[in-house]
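What follows is a single chain, given as C-alpha cells, in the form predicted alone.
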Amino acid sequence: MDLSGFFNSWIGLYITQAFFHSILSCLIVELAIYIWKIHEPHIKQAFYFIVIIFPIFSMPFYQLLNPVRNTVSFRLEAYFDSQRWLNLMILGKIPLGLIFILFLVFTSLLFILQELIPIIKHLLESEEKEYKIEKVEEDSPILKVLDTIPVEKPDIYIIDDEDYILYSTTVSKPAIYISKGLVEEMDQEQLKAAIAHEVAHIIRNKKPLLIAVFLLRILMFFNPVVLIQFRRAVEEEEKICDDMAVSWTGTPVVLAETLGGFFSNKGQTSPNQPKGSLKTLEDYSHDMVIETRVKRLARRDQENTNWVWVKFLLTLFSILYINYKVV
C-alpha cells in the first residue's frame, strides 16, 4: 500500500508534524517541570498550554519561516524525518504509515466518545431532566456563609434532590446550584469551603482561557498527547480554585475533608453506586485527582516562583528550536 501521496500532501505533513511536535514538546515540558520542581498550579498549567497550543501552529509557522523546510535537502539534515520512518515496512508487508493512520483514527474516535458525546449528552440530559429549583431565602444560613467570602456574591439556588450536586454557571448571571442532600450533609465550615471553590470557578470563568484552549484543542482531536495534556491542565484549574477558596476561608483542612468526604463520596464514585460495584476507568481517574488535591491541601507546600517566566521562555524557545528540525 502506497501512502506516500498522503504523507506528502499538506494535510499529511500537518498531521504528522503536529503529532511529533507535540510528543517532543511534552517531553521538554515534563523535563522542565521536573528539573525546576514546579508545583504551583497556575505555572504548571501555563507549561501544559504550550503542548496544547504549539503543535497547532508549529508547522505553518516553520513553513513561513523557511519555505524549503520540507524538501529532501532539509530532511537529510533534520534531527528526525517522519517520512523516512513512516515508509518503513513491518515484516516486509505492513507499512508503518498505515499503523500510524489507524492509531490516529483510534484516538479521534476516543476524543468523540470521551469528550464530545459526553458534553452533548450532558446538555441534552440537563434540558430533559427537570429539577425543582428554588432561590435561597434571605435568612438562609447558606447566604450567611456567602457573606464571609470577600468577593462579588452570585445567586444561590437549592436543587430538590438527595444526590450530591454542586456546580456553578456564568452564562447569563453568575449562580451556584447546590442540592438539598448536600446541604443537609455539610456543616457550616464545609459548606463555606465548597461554595468558595465554586465562587473561584465563577471568577476564573469570567476570563475563559480554559474554554479558548479547549476550542483550540479540538483542532488537535486526533492527537492523544494533546488530549492528555488538556486533562492535566483541567486538573490544575481545580487546584487553582482550591487555592483561591483557601485564601478566603483560611481552612485548607476543611476543604480537603469536604473533597474527600463528599465529592468522592467516601470511596464511591457516585451517591447511587452500589457498594462493591466495579469502577470505570473514568471513576478511577476522578478519584485519583480528588486524592491528589486532598493531599496537596493537607501539605500546603510553598513554592519559590522566582524567575518563573525566564524558565517558561527557556522551555518555549527550546521547543521552538528542536522541533524546527523535526519534519
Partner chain sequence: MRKWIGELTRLTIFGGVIGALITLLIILNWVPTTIEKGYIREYSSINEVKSALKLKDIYVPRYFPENILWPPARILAQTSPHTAVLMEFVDKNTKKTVLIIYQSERKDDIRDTKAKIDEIKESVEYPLENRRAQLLVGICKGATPCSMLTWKEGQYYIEIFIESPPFELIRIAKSMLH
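What you see is a predicted model, and the numbers here were worked out from it, not measured in a lab. Positions refer to the first chain, counted from 1.
Unshown form predicted in complex with its partner chain; subsequent notes refer to it.
The contact with its partner chain in the predicted complex, taken as any heavy atom within 4.5 Å, belongs to 78 out of 240, 209, 78, 165.
Taking a 4.5 Å heavy atom cutoff to its partner chain in the predicted complex, the contact residue among 288, 298, 64, 35 is 35.
Of the candidate stretches 134-142, 186-194, 242-250, 82-90, only 82-90 has residues whose heavy atoms lie within 4.5 Å of its partner chain in the predicted complex. A residue is said to contact a partner when one of its heavy atoms sits within 4.5 Å of a partner heavy atom; residue 315 meets this definition for its partner chain in the predicted complex. Of the heavy atoms in residue 73, some are within 4.5 Å of its partner chain in the predicted complex.
With a 4.5 Å cutoff on heavy atoms, residue 28 counts as touching its partner chain in the predicted complex. Although the partner is absent from this view, residue 307 contacts its partner chain in the predicted complex, with a non-hydrogen atom inside 4.5 angstroms.
Scanning 310-327 for heavy atoms within 4.5 Å of its partner chain in the predicted complex gives 311, 314, 315, 318, 321, 322, 326 in sequence order.
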